[in-house]
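Consider the single chain below, provided in structure tokens and representing the form predicted alone.
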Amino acid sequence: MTVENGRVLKIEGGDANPATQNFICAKVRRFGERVYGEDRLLYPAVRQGAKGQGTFARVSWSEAMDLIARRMTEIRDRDGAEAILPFCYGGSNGLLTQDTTDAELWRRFGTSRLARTVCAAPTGAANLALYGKMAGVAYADYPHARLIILWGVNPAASGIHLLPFLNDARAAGAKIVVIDPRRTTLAKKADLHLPVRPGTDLPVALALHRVLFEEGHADAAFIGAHTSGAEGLRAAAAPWTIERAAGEAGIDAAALRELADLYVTTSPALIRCGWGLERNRNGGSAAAAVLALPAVAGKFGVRGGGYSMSNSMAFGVRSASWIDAPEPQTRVVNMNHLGRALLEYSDPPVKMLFVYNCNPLATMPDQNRVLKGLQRDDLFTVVFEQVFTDTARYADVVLPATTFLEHYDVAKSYGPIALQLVRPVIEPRGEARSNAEVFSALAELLGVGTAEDDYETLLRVAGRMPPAIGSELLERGAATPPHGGTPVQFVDVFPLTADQKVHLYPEEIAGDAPRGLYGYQADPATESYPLTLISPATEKTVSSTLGELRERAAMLHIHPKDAQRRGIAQSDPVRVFNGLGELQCPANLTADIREGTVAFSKGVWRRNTYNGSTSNALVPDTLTDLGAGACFNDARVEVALLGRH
């Protein structure tokens, strides 16, 4: 950080973390524009005029907090505390900004609980059931692999620090395979690209299992010693021949056979399982089938072999050790059903919504229903946020939050195995306050806690971590990663399941899937809505974070042949529609997306389309087979020139 006279001038990569190698992504490099931008919230304010009008009057912190505490008390006494719905997701993903003083407040007050399932729920359920979220292959070990399969992940947009290690692996002779409906930058450079139809990753993975089991390539010794449930997986894979799976996925059968042969014959082989494959009705089973591959093929036990997903649990640090309040048995609201909760729940109805660390109007499914809920005159909405988001426009009270440059926090990473102390480098802008401070102060006002600042919260959290980890964080700013940060699966780390085995057909989740675990559900496309709309991550935003910096209208990416059939030319204004809503935006014709699929970036704000709707206006609030996650890629749409019906 370059800071002069208390102002951030430049954000650059540091050398403390070997995985980042002195560079950062363009998103974070621009974060100063958020800190000093015109959308930054600088003081508390209360709504003036109609919801959505965006007119607010400045008030003091004490006035705002007194109002919130008074309304919470009134709602609890009249409707019960479950009529209050705290709504949050990742935000900065810091350990202090979520699941500390906020969780203690909500638990003690007895509000509704939130199932935070909009992302990583299906993959997380699969990873937990199969491996207990065992640590995966670290970035530094990718160059040891001789085959790397990037499945449902695009590091160029959402994990840029992996790219140098992929380049090193290629230079050392590794083959790269990309499985993605788009021809991404990495797909163009890959040795093999399988542009699968969204939602068909499950049959593709099962076809690979069929090859392993039926053609004698399954590692019987490893399966016998380290797994359970192999026969259940084998039975599920049996119907999925290479030809059948390729037909279902809309890919060349010869290409799928090539992948199978590569996986059988190459070692070390590594699968980087992403989150793109989970965003549909088959998402949990697909993730389970993909994650099971290295166990069946016997790819563990060598450096650079196995799988990697999220390493966020590698340190074993869990919030349960520092939350000073038991979890009440109040109702659970799935965040993907926010629209339903606001409009349909009645026992009790949601009377207060407290939003922080997220921007649900831009990120939740069934956007129009969410919008209608936020417009309710009898809903009291608080938005605690860094900038004036789409959701903040519909708040009754807005509170200014600090950014990671202005408060203490503890950050853990997904890819590299890292746990680091976050220190403020500037004073909070305006009257912004940290999450730890605001939630503990509100708890004190309500008589259910004691106020503390973010540094006091840091000391409390660090003190309840394993001593070596907590002390290292405070003393040198980072904890030493286990196994040198590069564990070898089934040498240094083993499944965290109760029996330390891989559960290839975990019974505890098999009953959750509508068709049983590994049961495939067909494409929901109809004659009226024949195109699949996907909403992949972009290199410009972190979900909706930094979305305020987008200056131009976001575009719909459509294959030239699909566009030609509809009389659409480059940059034409189009309407993308189905029974839930309509998105109006310019079209970008590109052969980098497969026919029958169109794409619109996730996290786009409503002001960056022609009609104030984004792709989420077209996304159903149906849930995935496992983990009750969001089915963003199950949106089926039609596209036409704007003005043409």
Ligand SMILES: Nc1nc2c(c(=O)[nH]1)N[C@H]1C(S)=C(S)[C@@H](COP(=O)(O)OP(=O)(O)OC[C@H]3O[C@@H](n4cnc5c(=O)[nH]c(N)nc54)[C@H](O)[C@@H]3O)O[C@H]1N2
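Computed from a prediction, not measured in an experiment: that's the story for all the values here. One rule holds for the numbers: they count along the sequence shown, beginning at 1.
Just so it is clear, the following notes concern the form predicted in complex with the ligand, a form of the same protein that is not shown.
In the predicted bound form, the ligand sits within 4.5 Å of a heavy atom of residue 384.
The closest non-hydrogen atom of residue 227 lies beyond 4.5 Å of the ligand in the predicted bound form.
The ligand in the predicted bound form is approached by residue 27, whose closest heavy atom lies within 4.5 angstroms of it. Taking the partner from the other structure, the ligand in the predicted bound form has no heavy atom within 4.5 Å of any heavy atom of residue 311.
If you check the ligand in the predicted bound form, you find a heavy atom from every one of 435, 534 and 615 within 4.5 Å. Among the residues 473, 542, 81, 264, the one placing a heavy atom within 4.5 Å of the ligand in the predicted bound form is 542. Though the ligand is absent from this view, in the predicted bound form it lies within 4.5 Å of a heavy atom of just one residue from 212, 358, 233, 269, which is 358. Considering the ligand in the predicted bound form, the lone stretch of 543-551, 341-349, 141-149, 295-303 in range is 543-551 [heavy atom distance within 4.5 Å].
Along 388-404, a non-hydrogen atom within 4.5 Å of the ligand in the predicted bound form is carried by 389, 401, 402, in order along the sequence.
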